[in-house]
Structures are given as C-alpha cells and as structure tokens.
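Taking the form predicted on its own, here's one chain by itself in structure tokens.
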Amino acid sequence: MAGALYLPLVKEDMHPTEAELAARLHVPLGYRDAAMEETERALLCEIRPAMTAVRVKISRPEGGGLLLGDLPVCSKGLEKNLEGCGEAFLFAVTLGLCCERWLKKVSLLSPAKHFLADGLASAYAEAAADLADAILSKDLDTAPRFSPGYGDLPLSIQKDLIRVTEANKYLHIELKDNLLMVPQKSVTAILGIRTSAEGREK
C-alpha cells in the first residue's frame, strides 16, 4: 500500500449545502441572517482545511467481511455499498486545530454564539468531505462515501482509518477514548471505486 496523500483544501471551494446548514442550525431551508453571516466570516478566518487519503485494494475473504488493503472490516452496510468496487479510497479531512481552539473560545463567551459557530463548523466539515470526495472521484466511477457510525459500520474503525491515512501525522487528528476525534470538526470515510469484471475504470 502506497503512502498517504496529503493535500490542503481550498476553503473558497468548500460550499455547505442548504440542507446541511438547515439541519445543523435548526433553521428553515435557505435561511440566512446577519448573525450567521458574521459567524461564518469569523469561522473562515480560523479554518485550515486539509485531507489525507490512501488508495487500497478491496478483498472479499471466503469467510465473509472485507479487507480494505490489510484492514479487516465487518459491515453488511459497507459490503453492500462497495458492491462492484475493486478498490477504495480511505480518507480523512479536518478543519484544523485553529478551528478547534476558536470554537472553545466562543463556547466560553456565549452559549448562543457557540451553537451557531459549532453548527456552521460542522456544515463546513461536511463540505470539506464533499470537496475531498470530488477531488478523489475525478475521472472515476465511485460509490457514495461511507463513514464510521453510519449503519452498522462501528465508530471504533476510526482508529484504523486515522492510522492508515496517517491523519494523526499530517492532520494532527487524535481519537479519544469515547471515539470522538480531535479536532472535532473532522471526518473519516471510505470511498469505493467501481470496476468492471476486468478492473476497467470509467
């Protein structure tokens, strides 16, 4: 397995969806106000988005489960998601430690402002994952990305994803005992690459 790819992400290319913003901030679809705009500007000054990724072969042992490179995974949901895929990207993204420190500072100043800042940061973390997805998927036929905690894929696999993608080295992501990542505004995911029977990519 080749070493991890590290790539800073261009924040101007990150665009949270209206649906994501509405869900995170508990507001109507398309809602914007002055407080949101002000907080978003402050957030964009603090984030340092970046990604790491590795491309691995997918094996399907006779006994069941999957091997993503040398990483064994047992998840019926992921197996279904990766049907027709012979390879996958394992990747991680983060908004960075500066964002983590800024959110902590805001939490000490105002619970209301922190709710807004935290929701916006979560939406931007998903936007960072969307951008990483788009970069990795370029000229490839890929399955929808699949993250730990979705369906029956356990959060505990994040430890291995962080190790394999070298996200601890390049993105300074650590996993706490409660399986939460620090920086919290980070995402790990598996992105299947679909192939034909001959292994031909689209």
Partner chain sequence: MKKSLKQRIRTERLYFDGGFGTMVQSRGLPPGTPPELWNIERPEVIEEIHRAYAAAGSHIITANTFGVNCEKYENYEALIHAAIANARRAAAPFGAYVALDIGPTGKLLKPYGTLDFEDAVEIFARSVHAGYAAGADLVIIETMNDSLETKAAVLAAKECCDLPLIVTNVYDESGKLMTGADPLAMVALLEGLGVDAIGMNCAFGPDKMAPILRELLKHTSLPVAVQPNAGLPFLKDGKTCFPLDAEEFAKETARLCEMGAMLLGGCCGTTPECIRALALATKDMPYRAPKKKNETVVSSYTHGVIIDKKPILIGERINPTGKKRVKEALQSRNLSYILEEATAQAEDGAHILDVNVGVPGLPEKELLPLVADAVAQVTDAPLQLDSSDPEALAAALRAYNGKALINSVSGKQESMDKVFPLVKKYGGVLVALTMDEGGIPTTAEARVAIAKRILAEGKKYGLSKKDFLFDPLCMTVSADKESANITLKAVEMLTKLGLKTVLGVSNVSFGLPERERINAAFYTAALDRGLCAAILNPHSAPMQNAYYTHCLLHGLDEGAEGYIAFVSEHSTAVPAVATPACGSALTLKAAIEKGMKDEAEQLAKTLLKTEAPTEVINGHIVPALSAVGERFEKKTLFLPGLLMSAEAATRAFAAVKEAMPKKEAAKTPPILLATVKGDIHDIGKNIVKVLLESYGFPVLDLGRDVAPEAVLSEALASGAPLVGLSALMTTTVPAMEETIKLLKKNAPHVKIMVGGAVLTADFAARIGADFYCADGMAAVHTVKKFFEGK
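Numbering follows the first chain given and starts at 1. Small disclaimer: the values here were computed from a predicted structure and weren't measured.
Keep in mind that the form predicted together with the partner chain is missing from the display, and what follows is about it.
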Checklist entry - Are Arg60, Leu66 and Lys138 jointly within 4.5 Å of the partner chain in the predicted complex, each by at least one heavy atom? => result no
Item to check | 4.5 Å heavy atom contact, Leu44 and the partner chain in the predicted complex | outcome: no
Next on the checklist: Taking the partner chain as it sits in the predicted complex, is Cys74 in contact with it (heavy atom to heavy atom, 4.5 Å or less)?
Outcome noted: no
Checklist entry - Should Ala134 be counted as a contact of the partner chain in the predicted complex, where contact means heavy atoms within 4.5 Å? => result no
Next on the checklist: When the contact criterion is heavy atoms within 4.5 Å, does His172 count as touching the partner chain in the predicted complex?
Outcome noted: yes
Item to check | Selected contact from Glu79, Glu87, Asp118, Glu126, since only one has a non-hydrogen atom within 4.5 angstroms of the partner chain in the predicted complex | outcome: Asp118
Item to check | Residues within 4.5 Å of the partner chain in the predicted complex, restricted to 84 to 98 and counted by heavy atom | outcome: Leu97, Cys98
